[in-house]
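Okay, so we've got a single protein chain in two different forms coming up as C-alpha cells, structure 1 first and structure 2 after it.
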Structure 1
Amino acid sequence: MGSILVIAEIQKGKVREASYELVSFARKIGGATNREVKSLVMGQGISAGAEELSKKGGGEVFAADDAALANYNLDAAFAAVQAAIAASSADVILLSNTPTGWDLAPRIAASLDAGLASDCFNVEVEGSDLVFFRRFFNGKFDSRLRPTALPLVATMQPGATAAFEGAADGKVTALSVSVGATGTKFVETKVAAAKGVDLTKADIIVSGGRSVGSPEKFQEVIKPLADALGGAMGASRPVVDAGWLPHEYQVGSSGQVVSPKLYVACGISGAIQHLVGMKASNFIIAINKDADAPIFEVANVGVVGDLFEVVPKLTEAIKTAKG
C-alpha cells in the first residue's frame, strides 16, 4: 500500500493554511484506506515550518532545504517532489489548487503517467475507491471523479475543508534534492498593490451577502451601519461575482482573509469558503432570517431576522448611542 503525500506550501516562512486543509483530506482518506500520511516542505530555512507540520498532522515530513528552492522555480520544485515521491512511495499526491499547484500538478502527473483530478472540493472513500468531487457549470453541478488506477495526483480547493487541527506526532526527515540546470530563473516577487479598501487592516467589518439584492441596497443598508461603527464594508463572493462591489471587498477563500475585532455578517449563509475568510474575527454578529444558517455556528451573537429590518434599527441605535 502506498502513502498519501501532501505537497505543502510555505509563505513568509510559515506553512500555509491551505496545506493544513490538505492534511485534513489526506488523513480522511488515509484513515479509510490504511495509507500513511506524509508531507513535503521545500524552500530555504524551512525547518520551523517542517517541524510544525510534523506536529500538526503532516506525518513524516520530508524537508527539502536548499538554496535552489529559496524562491519557487518549477524545475527545482519538481526535483524535490520527485525525491519525496521516491522516499515516501506515495501513490496519492495532493496539492492545493493554487498557482503553485496548477504549475506542479500536471508535470507530476505526466511524469508518473498518472491521472490528474484538479480543482476538487472534496474526496470520499467508497469501498476501496477514492472519489473526488469537482464543481462545474459555475457551481451548478458536482461531478464525481473515480480514478480507475493509481498513482493519482489531485489539487484541492483552498477553503473547501477546515484545516487539520488535531495534534499528531510525526517526524522530520531531511531530503536531499539534486537540482540540475533549470530552464527557468527566479526574477522577483511582485505583490499586487491594494486598491481602495484593505479589509485585512480593518478593525470592524460589516459584510453583506447575496440577499442584500443590489449595489444600491449595499449603499442604503450595509454602508450606513459600517459608517456608524467606523468600520469598512465587506461582501460575500456572489456580491462580487454580480459586480455589485469590486473584488477587494470579497471576504473568503478566494478573497480576503480577515480577522477584525468585530465582524457583522448580514444575510450571509456561512458557506465554508466564506467562513475560512472571517472565522478568526474576534467577535462575530450574524443577522440571517434562517435560524439554521451555518453562519450561526461561528457567531458570538446571532440575530434571526430580516436584515432590512434589523440593520437600519441597529444603525439608528448606534448613532443614538454615540450621540
Structure 2
Amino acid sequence: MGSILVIAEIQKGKVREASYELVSFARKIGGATNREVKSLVMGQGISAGAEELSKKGGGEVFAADDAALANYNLDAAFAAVQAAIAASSADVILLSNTPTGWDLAPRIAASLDAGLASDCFNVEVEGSDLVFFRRFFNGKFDSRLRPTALPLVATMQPGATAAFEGAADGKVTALSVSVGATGTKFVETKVAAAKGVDLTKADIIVSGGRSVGSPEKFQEVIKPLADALGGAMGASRPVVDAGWLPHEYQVGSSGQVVSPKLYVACGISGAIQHLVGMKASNFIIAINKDADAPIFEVANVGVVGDLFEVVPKLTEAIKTAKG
C-alpha cells in the first residue's frame, strides 16, 4: 500500500494554513485506509517550517532545501515533487487549490498517468474507494468523483475544512533534488496593497445581505456587532455587486469559502452560492424576517425578526456582558 503525500506551501517563511488543512484531509484518508501521511516542504531556509509541520500531523516531512526552490518555479518544484513521490511511494497526492496547486497538479498527474480531482471541498472513504466532492454550476450541484485506479492527484479548497490541530510527532528527512535547467526563471513578486481582511483566517464573521439596505447601514449595524464579537465583517454577493463593499468581503462560491467558529448571517436569504461559502462553519446564527429563508436550513440558531431591531440589541447585550 502507498502513502498520502501532502504538498505544503511556504508563504513569508512559514507553512501556509491551507497546508495544515490538507493534513486534516490526509489524516482522514490515512485513518480509513491505513496509509501513512507524509509531506513535502520545499524552498530555501525551510527547516523551521518542516520541523513544525512534522510536529503537527505532517508525518515524515521531506525537506527540499535548495536555492533553486527559493522562489516558485514550475520546473524546480516539479523536480522536488518527483523526488518526494519516489521517496514516499505515495499513491495519493494532495495540493491546495491555489495558483501553485493549479500549476503543479496537472503536471504531476500527467507524469504519473494519474487521475486528477480538482477544486474539491471534501473527501470520504467508502469501502476501499476514495470519493472526492466538488461543486459545479456555480455551486448549485455537488459531484462525487470516485477514481477507478491509483495513483491520484487532488487539489482541495482552502477553507473547506479546519486545519489539523492535534499533536502527532513525525520526523524531518532531508531530500536531495536535482533541479537541472529550467525553462523559466523567477523575476519578482508583486504584492497588491492589503485590503479588508482575510476571512479564511477569521474565527468569527458577521455577514450582511442586500436587506441591510446601504453601505452606511453596514457601518452602523453590521460592523458594530462584528467589533463587539471580536470578529470580521463579511457580505453576500449582491452587496459586493452593488459596490457597497469590496470583493474581499464576499463569502460564497465566487468569493471566499470560510469555516469560522461562529458565522452570523444578517438579512441573508441563503442562496446556494452563499451557502457554499459558509455552511462548513462550526456554528451558524441566522437573522432574517422571512421564516422560509433557505439560510435557516443550515443555521444552528435562527432568529425570525427585523435585523435592524435584533442586531443592535444583540450588539448592546454583548457589550454589556463584556463589561
Ligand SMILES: Cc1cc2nc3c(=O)[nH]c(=O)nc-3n(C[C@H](O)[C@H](O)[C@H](O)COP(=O)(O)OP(=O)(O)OC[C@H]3O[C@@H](n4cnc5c(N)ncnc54)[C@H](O)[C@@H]3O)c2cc1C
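If you superpose the two forms and keep the largest set of C-alpha atoms that fall within 1.5 Å, you have the rigid core. Residue numbering: structure 1 sequence, from 1. For clarity, every value in this text was computed on a predicted model and none was experimentally measured.
- Taken from the form predicted on its own is structure 2; the remaining one is not.
- With a cut-off of 2 Å and the rigid core superposed, residue 280 has a Cα displacement that reaches or exceeds the cut-off between structure 1 and structure 2.
- Here residue 107 does not count as shifted, since its C-alpha moves by less than 2 Å between structure 1 and structure 2 after the core is aligned.
- Core-superposed comparison between structure 1 and structure 2: the Cα of residue 242 travels 2 Å or more.
- Relative to the superposed rigid core, residue 310 shifts its CA by 2.5 Å between structure 1 and structure 2.
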